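The chain below stands alone and is given in structure tokens; this is the form predicted alone.
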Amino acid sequence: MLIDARGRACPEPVLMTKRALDSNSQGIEVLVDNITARENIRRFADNLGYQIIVDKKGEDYLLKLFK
């Protein structure tokens, strides 16, 4: 599942991530376009025990969260 949170200000990307993980707890991918959202999602996922891989895609960041 890919969540496109580009152009959204925090805390919206984190809330979108939470909703997606509630329905797909094995893992998701989140696309963001700013460092603040990237770091907030990273901290949120760490607190829930998810592994995180961050790939830079041009100006965007793709966060892969998985258990």
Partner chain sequence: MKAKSLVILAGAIVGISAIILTLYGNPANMGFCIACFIRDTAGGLRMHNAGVVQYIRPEIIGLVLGSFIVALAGKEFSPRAGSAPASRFVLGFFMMIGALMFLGCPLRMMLRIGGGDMNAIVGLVGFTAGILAGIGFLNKGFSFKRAYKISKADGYIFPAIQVAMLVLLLGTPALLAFSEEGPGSMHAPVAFALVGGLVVGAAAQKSRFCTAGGIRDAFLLKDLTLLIGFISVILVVLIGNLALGSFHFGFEGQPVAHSDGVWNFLGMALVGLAAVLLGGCPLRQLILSGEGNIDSVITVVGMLIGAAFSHNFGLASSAQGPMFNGQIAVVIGFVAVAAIGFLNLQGRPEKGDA
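Predicted model, so just to flag it, every value in this text is computed and none were measured. Residue numbers count along the first chain shown, from 1.
This protein has a second form, the form predicted together with its partner chain, left out of what is shown; the following refers to that one.
Colleague: Hey, in the predicted bound form, is Gln26 touching its partner chain, heavy atoms inside 4.5 Å?
Modeller: Answer no; every heavy atom of Gln26 is more than 4.5 Å from its partner chain in the predicted bound form.
Colleague: Even though the partner isn't displayed, in the predicted bound form is Glu12 close enough to its partner chain, meaning a heavy atom within 4.5 Å?
Modeller: Within the cut-off, so yes.
Colleague: Any chance Arg8 has a heavy atom within 4.5 Å of its partner chain in the predicted bound form?
Modeller: Residue-level check for Arg8: yes, a contact with its partner chain.
Colleague: With the partner left out here, check for me: in the predicted bound form, does some heavy atom of Ile52 sit within 4.5 Å of its partner chain?
Modeller: Residue-level check for Ile52: no, no contact with its partner chain.
Colleague: Which of the residues spanning 1-37 lie within 4.5 Å of its partner chain in the predicted bound form, based on heavy atoms?
Modeller: Heavy-atom contacts within 4.5 Å come from Met1, Ile3, Asp4, Arg6, Gly7, Arg8, Ala9, Cys10, Pro11, Glu12, Val14, Leu15, Met16, Lys18, Arg19, Ala20, Ser23, Asp33, Asn34, Ile35, Thr36.
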